[in-house]
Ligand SMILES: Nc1ncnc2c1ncn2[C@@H]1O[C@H](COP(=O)(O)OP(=O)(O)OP(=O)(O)O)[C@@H](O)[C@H]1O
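Next up: just one chain, as structure tokens, the form predicted on its own.
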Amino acid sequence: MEQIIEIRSLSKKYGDFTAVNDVSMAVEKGTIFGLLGPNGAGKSTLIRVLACQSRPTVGHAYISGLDVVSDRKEVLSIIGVVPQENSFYDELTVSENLNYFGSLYGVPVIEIKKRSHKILDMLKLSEKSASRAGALSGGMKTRLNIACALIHKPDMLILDEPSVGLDPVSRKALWDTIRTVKEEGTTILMTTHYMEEADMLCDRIVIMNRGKIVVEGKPYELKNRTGESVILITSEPGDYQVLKTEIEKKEPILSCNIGEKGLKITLRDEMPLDEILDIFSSHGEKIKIVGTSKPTLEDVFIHAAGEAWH
């Protein structure tokens, strides 16, 4: 497939601090690409570079073959950026906001009218076209943010943590919106801290930590990495911190985390379950529940991020 984003050996430094460290990656046209990582991983810095808001220290980034530095004006005309904070004006109506942002991009008035009608219909905001933007619900404000970024028909949409602050119902509605935008042919690059969101929406995912890419692949590929399984063990009295420390010493253990219901252990299949249960027994723990499952994207994330810190 055709690539819309190409990043080559890109680094971004702030003084002695390296926020993005020698990153190379590509995004295929017409896909939803997820950029994940813990706070401080370098996601936001990379987004700022792609949005032409920050220059790379070393390396290059291209969008539709255009350099984000030397072709900045052209790049800005083919991307839409949806920041976490609202970019529209509360005192203007929904339609007035679209008219304003369309004019900023030099879209002819008659074309703004046509596009506004289509976008508002697509994002289920038609009935609110005459409503003041500041009076909209949280979910509708997020959709209006997206509408303002789509008014000039960008090739690519950048979404920075689009679901932050939304309730579960609004979040699911937003997912439908994002899928619809993709179906219209727009490539989407998004950051998110919600693993379920990334799993449900993204065609491909990159996990960053300390400025580097540590994991890349399709969600199902990352979850189905061979030779791994997840065990959840609940015990009494449940001195999980001591157990965690002991279990993490074992070579096949990939990660061990304390959850609400007990210890969640990700391991290579060659370690017999009996060995883990013996550790519980030797510490006077009485096993109540043992459950097994395939790794979730959250398990992959925790393992990838944790491994990068060692």
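We number the residues from 1 along the sequence you see. Computed from a predicted structure; not experimentally measured.
Here the subject shifts to the form predicted in complex with the ligand, a form of this protein not shown in this document.
Peer 1: Which one, 274-282, 61-69, 257-265, 36-44, holds residues whose non-hydrogen atoms are within 4.5 Å of the ligand in the predicted complex?
Peer 2: Selected stretch: 36-44.
Peer 1: How about I302: is it within 4.5 Å of the ligand in the predicted complex, going by heavy atoms?
Peer 2: Because no heavy atom of I302 falls inside 4.5 Å of the ligand in the predicted complex, the answer is no.
Peer 1: With a cut-off of 4.5 Å between heavy atoms, is E228 one of the residues that contacts the ligand in the predicted complex?
Peer 2: Flag for E228 set to no.
Peer 1: Give a yes or no for L10: in the predicted complex, does one of its heavy atoms lie within 4.5 Å of a heavy atom belonging to the ligand?
Peer 2: No - in the predicted complex, heavy atoms of L10 and the ligand never come within 4.5 Å of each other.
Peer 1: When the contact criterion is heavy atoms within 4.5 Å, does H193 count as touching the ligand in the predicted complex?
Peer 2: So H193 counts as contacting the ligand.
Peer 1: Could you list which residues of 1-36 come within 4.5 Å of the ligand in the predicted complex, counting heavy atoms only?
Peer 2: Sequence-ordered list: Y14, F17, A19.
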